[in-house]
Structures are given as C-alpha cells and as structure tokens.
Ligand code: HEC
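The data below hold one chain only, encoded as structure tokens and taken in the form predicted alone.
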Amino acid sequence: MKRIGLTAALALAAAAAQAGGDKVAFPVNYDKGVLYATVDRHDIKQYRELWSTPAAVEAAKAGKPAPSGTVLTLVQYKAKVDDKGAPVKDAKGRFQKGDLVAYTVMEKRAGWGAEYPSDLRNGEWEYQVFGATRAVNDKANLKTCFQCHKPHAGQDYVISLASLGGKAAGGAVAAQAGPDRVAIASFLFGPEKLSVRNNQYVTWTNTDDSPHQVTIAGEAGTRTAVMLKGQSQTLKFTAPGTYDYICGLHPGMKGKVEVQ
C-alpha cells in the first residue's frame, strides 16, 4: 500500500514538472506590446528580442511585481553570418537579425503554480516554447525554465527585470584588468582560466547587456548574485584545487579557477 502511494506521488510530481505549459497560448499580439530589450547571444549566434505587455513595464518601473495577465515573450532569431560563420553586425556593432528560430513565453496568472512542489514553483508563472511556425514545441523541457528562473524569486522570477523597468545600464563598460579579475564579455569569461593563491578573492565584472551569474560546479549553494551590465561579484577561494564554473543563466559559458 505504501509502495503504491509512493509511486502515485512520484508520478504526480513528474506530471506537475511537465504540465502547465498548456495553459499558455501563443501571444498573437506580442509585438503590439513593448520591446524592452534586445540581446546578442554570442555563444549560440542568436539575436533575441524581449517583449512585454505594457502593464508589466509600468509595474517594474514602479518597483512592483508583474500583475496577473503579464506575458513576456522571448523571440529568438539566428544571427546573420558571413562566409566564415561570424555574425554580421550593424553600424552599432549589434547582430543583424536572421531567420526566426523560436518563441519562449512566460505568463503570470492569479492562482497558477499551486500544483508545483516548492523547490520548483515560480510563483504564479508558467512557461511554454513555440517553434517558428507558432506551434507548441512538445519536445521542449519546460522544467529547465523553472529551474533557471527559480533562483530569482527576489525579482519576481524575471531575470531581465532591470531591463523591463528601464533600469539596465547603458553604454560600454570597461572591466578592470588584474591577476584576480575576470571580465564577462560576448558571453565568454576572460580569462577563461585563472590561477590564484589560496585565500584570495576573484572578482567577475559583467560587460554584456545580458545578465550573468557565476556558479561553481559541484559546490552546492556556491553562486554569485546575478550581475547586470556593469556590476561585479566576488568569491573567496579558501582551499587549493581546481574549481570549474559556469554561468548559471547560460551553462555553455565555462571558466576555471586554479587555487595554489
């Protein structure tokens, strides 16, 4: 009896982790809303647009959570590339928009999310992924959306909240060079490999328009706060060894700190 109950509970939890996306319909009028940010994803050669319903922008400017009915739409395009595969840039140094790839949508409604376990729930937000034809991508793992946004509960699970509220830094940001400094630029850690002495601090500075976050591999709970453009975060390494790390928001970004 207990075994049957446990199996049923596990099945319910698994279903909850995959369900919910059906609540989110394609936002056919997303481009009648507010284009609040564009992002060049150097790591995967994509140009991205972030659109919002107007009420969410006003709420973010006022320092309030997104209201029920908010829809945030991430539109992904391939960047145009030259004959060598390098992204083609416009006069401002930004990627040029190529073929449409997909849409990722997060929507908030009062009462949503109650079926999720506390370690996964993103407040009242749900997610869905649509292909270029606007059909649901039934192969998308929506659980990863919840896992990626979960650490950002303090900003209503919206990673791009600063941009949504018009508070993101503008202009170029210069990162300071030094033996204990790492610059984040074009979705890369530079230097990718850093050697420091034991009990030394390492500082990362984000120069990208996109937010980033340093997460130490294998070190439960060891991660920096999210860094917006121009912001820095510091970690102290207190034991010799090799520490691999990634960007918690963009896992394809990788770096290494060797502590001697």
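Fair warning: this is a prediction, and the values are worked out from it, not measured in the lab. Residues carry their position along the shown sequence, with the first being 1.
Just so you know, the form predicted in complex with the ligand exists too; it's not on screen, but the next bit is about it.
ask   = Which listed residue (V173, I159, A183, A168) meets the criterion of a heavy atom within 4.5 Å of the ligand in the predicted bound form?
value = Of the candidates V173, I159, A183, A168, I159 is the one lying within 4.5 Å of the ligand in the predicted bound form.
Self-check item: Residue (of K229, R48, K45, R223) lying close to the ligand in the predicted bound form, criterion heavy atoms within 4.5 Å
Solution: None of the other options qualify; the answer is R48.
**Prompt:** Does the ligand come within 4.5 Å of any heavy atom of K97 in the predicted bound form?
**Reply:** No.
| task | Considering only heavy atoms, tell me if P251 and the ligand come within 4.5 Å of each other in the predicted bound form. | result | Yes, contact at 4.5 Å.
- Any chance F189 has a heavy atom within 4.5 Å of the ligand in the predicted bound form? Because no heavy atom of F189 falls inside 4.5 Å of the ligand in the predicted bound form, the answer is no.
Problem set entry | Heavy atom of A102 within 4.5 Å of the ligand in the predicted bound form | No, no contact at 4.5 Å.
Sort through 85-93, 175-183, 159-167, 112-120 and report the only stretch with a non-hydrogen atom within 4.5 Å of the ligand in the predicted bound form.
The contacting stretch is 159-167.
Could you run down 97-135 and flag each residue that has a heavy atom within 4.5 Å of the ligand in the predicted bound form? T104, V105, M106, Y127, Q128, V129 sit within 4.5 Å of the partner.
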